[in-house]
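Listed next as structure tokens is one chain, alone, in the form predicted on its own.
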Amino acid sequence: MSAPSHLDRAPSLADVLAHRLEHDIAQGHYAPGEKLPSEQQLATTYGVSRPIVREAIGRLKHDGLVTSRQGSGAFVAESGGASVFRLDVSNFKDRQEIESLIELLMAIESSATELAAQRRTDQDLIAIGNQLEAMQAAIERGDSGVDEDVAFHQAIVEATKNPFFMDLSTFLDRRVRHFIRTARANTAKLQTGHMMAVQDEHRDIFNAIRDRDAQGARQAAENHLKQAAQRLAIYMKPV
């Protein structure tokens, strides 16, 4: 079997490498139970840096495809080891994939927002409000506000006080981060009115959480994602 070729430099390079390693494992280049090459060897083989290799291996460990042995390195999991939930979004032209993703996010985020409205503390509300203001400042500066947007929703999840929601949110952020960032960045390319519409949706969410209106918070979160899906449809239209 021929040796794997170098990867081209591209965004989310760790994800690209993780996909490549997963493919090579599936093709038998690395057999079940086999020790993977060192970080430096993998970096040389695939033409990337060691931090990229480390991040990619971490992802494969999370997916159950790779295991660690103290002092011995990383090994390909035995057959059947990959028994955890896995999610990747890479094709933004696949409408069915995007619609399915929106359905999943809506179910999770609407429930988390409802719980946040019920359980939030004053400190939680301050944290959520701070990120809302940070997004507003980003809009006024002409920035996309992507990081502030992600932090806003993360603050809401933390207000649920449910560690499983927090873990799932972190997992989803890693898996669909590129989707979230692309949608937000594309929104920023449109008129300012579009950005303000998104901000109004965020304010509706914040106000419902502030008022401890659980049902209103759920509805505001659902509306936000529905509108996001519609905006994304605009970007997906042929030019």
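Being a predicted model, the structure only gives us computed values, none of them experimental. Each form is matched to the other, and the largest set of C-alpha atoms that superpose within 1.5 Å is called the rigid core. Just count from 1 along the sequence shown to find any residue number.
Below: the form predicted in complex with the DNA, not depicted.
- Taking the partner from elsewhere, no residue among G129, L132 and K161 has a non-hydrogen atom within 4.5 angstroms of the DNA in the model of the complex.
- Partner contacts here mean any heavy atom within 4.5 Å of the DNA in the model of the complex, and among 115-123, 67-75, 102-110, 139-147 they occur only in 67-75.
- Contact with the DNA in the model of the complex, defined as a heavy atom within 4.5 Å, holds for exactly one of N207, S49, T170, Q27, namely S49.
- Using a 4.5 Å cutoff between non-hydrogen atoms, R203 does not count as a contact of the DNA in the model of the complex.
- Contact between H194 and the DNA in the model of the complex is not found at the 4.5 Å heavy atom cutoff.
- Interface residue remark: E39 is counted as part of the site for the DNA in the model of the complex, having a heavy atom within 4.5 Å.
- In the model of the complex, L13 approaches the DNA with a heavy atom inside 4.5 Å.
- In a rigid-core overlay of the protein, N207 has its C-alpha displaced by under 2 Å between the shown form and the other one.
- Annotation: Cα of G73 displaced by at least 2 Å between the shown form and the other one, core superposition.
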